[in-house]
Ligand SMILES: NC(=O)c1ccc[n+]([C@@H]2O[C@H](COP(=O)([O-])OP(=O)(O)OC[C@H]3O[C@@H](n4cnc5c(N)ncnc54)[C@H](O)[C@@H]3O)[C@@H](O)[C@H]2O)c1
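Presented below, as structure tokens, is a lone chain in the form predicted on its own.
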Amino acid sequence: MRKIKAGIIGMGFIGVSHIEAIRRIGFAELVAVADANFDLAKKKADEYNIPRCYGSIEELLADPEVEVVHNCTPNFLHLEINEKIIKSGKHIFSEKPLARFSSESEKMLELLKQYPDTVAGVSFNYRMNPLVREMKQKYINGDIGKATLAHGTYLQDFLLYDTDYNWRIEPEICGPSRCVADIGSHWMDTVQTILGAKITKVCADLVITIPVRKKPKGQVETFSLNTNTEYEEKPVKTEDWGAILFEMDNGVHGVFCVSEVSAGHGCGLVVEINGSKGSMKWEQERADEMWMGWRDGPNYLVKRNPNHMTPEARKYTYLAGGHPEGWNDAFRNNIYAFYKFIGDGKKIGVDTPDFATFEEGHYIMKLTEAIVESSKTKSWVAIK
């Protein structure tokens, strides 16, 4: 397969994960990075031996070698930058959430109609864990019967203290939702992927547990410790925690809880599906295992092993059993699926990709807004 050359804009925490994922794909080549902080872009370019670095999206898009651009900037820049990438005719892989508002993501979908050859993907990487793919296939094969219930959590603690602060807390940058948009979006995409169905109705309770936070006067990177002693107090307007009841278009009912203030949880995504014959559960922090439960037989753990997996899941796992695969591997799988789609000459709307499309990212935006509305009105809200 031919080499597909790429560039990344945004050299924060997640930008580095994109660098490392691209480097693991044999037919992809990272040739340029960009950041409004040129010194940061230069530092990452030097550290990873990337040939070119730029200080703006315009400079990156002017690079004739770059065929794919990864947008790893904060949410408030997604609309402007994604539109520029689409209009350049380059393929685009955007971080989630796709935008701050569904009105912004809708504009991207409308623009993409003018560029039918552009492949546009969104970084929902949990759907690409091998055992999540295995759950999806086991459900298709009827292993647990008809799905009836879905539930789970996504718990983190990186904003546990009032001294914890980053741009996600500010609605002007992040959007009207933080916890749901940031990590709840991953949970919703994962359950929709497994069941091949959409959440269509929600009833939510969103809570701000820390109403005032101490914003450091210096810059703090996501997930790092804040050692700044100078700060200013900022009122918090986005949720720290949320619980969401939901209904799906396949008749499944469910509930999930998300938190960024639950001590002891680094990346606690858990999803369980209950069916008419059995149950399945996967925990991201134990990514190499899947639990299966039965009323009339013993429960057991399925250990990831390529030799015993369905063909659909096996193509996204490569280490032998007993050699754990985790978050970085699922992240790589997501980007690999995107590049393979391009390399195979496939088209969105004609072929069905394994990675999340802009259309799916837009639907997650609509779900997030419905959840925010539901919490305000204390009522069920249907997704329009």
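Owing to the predicted nature of the structure, the values given are computational and were not obtained by experimental measurement. Just count from 1 along the sequence shown to find any residue number.
The following text describes the form predicted together with the ligand, which does not appear among the structures shown.
- Taking the partner from elsewhere, no residue among Arg127, Phe355 and Glu359 has a non-hydrogen atom within 4.5 angstroms of the ligand in the predicted complex.
- A heavy atom within 4.5 Å of the ligand in the predicted complex is found for exactly one of Ile50, Leu61, Ala337, Leu40: Leu40.
- Proximity to the ligand in the predicted complex, taken as a non-hydrogen atom within 4.5 angstroms, holds for one residue of Ala287, Cys72, Val271, Val132, which is Cys72.
- Of the candidate stretches 139 to 147, 94 to 102, 237 to 245, 297 to 305, only 94 to 102 contains residues with a heavy atom within 4.5 Å of the ligand in the predicted complex.
- Shown alone here, Asp35 lies within 4.5 Å of the ligand in the predicted complex, counting heavy atoms only.
- When contacts are judged by a 4.5 Å heavy atom cut-off, Leu79 does not count as touching the ligand in the predicted complex.
- Residue contact check for Ala21: none of its heavy atoms lie within 4.5 Å of the ligand in the predicted complex.
- Contact check for Trp167: a heavy atom falls within 4.5 Å of the ligand in the predicted complex.
- Looking at 359 to 376, no residue comes within 4.5 Å of the ligand in the predicted complex, counting any heavy atom.
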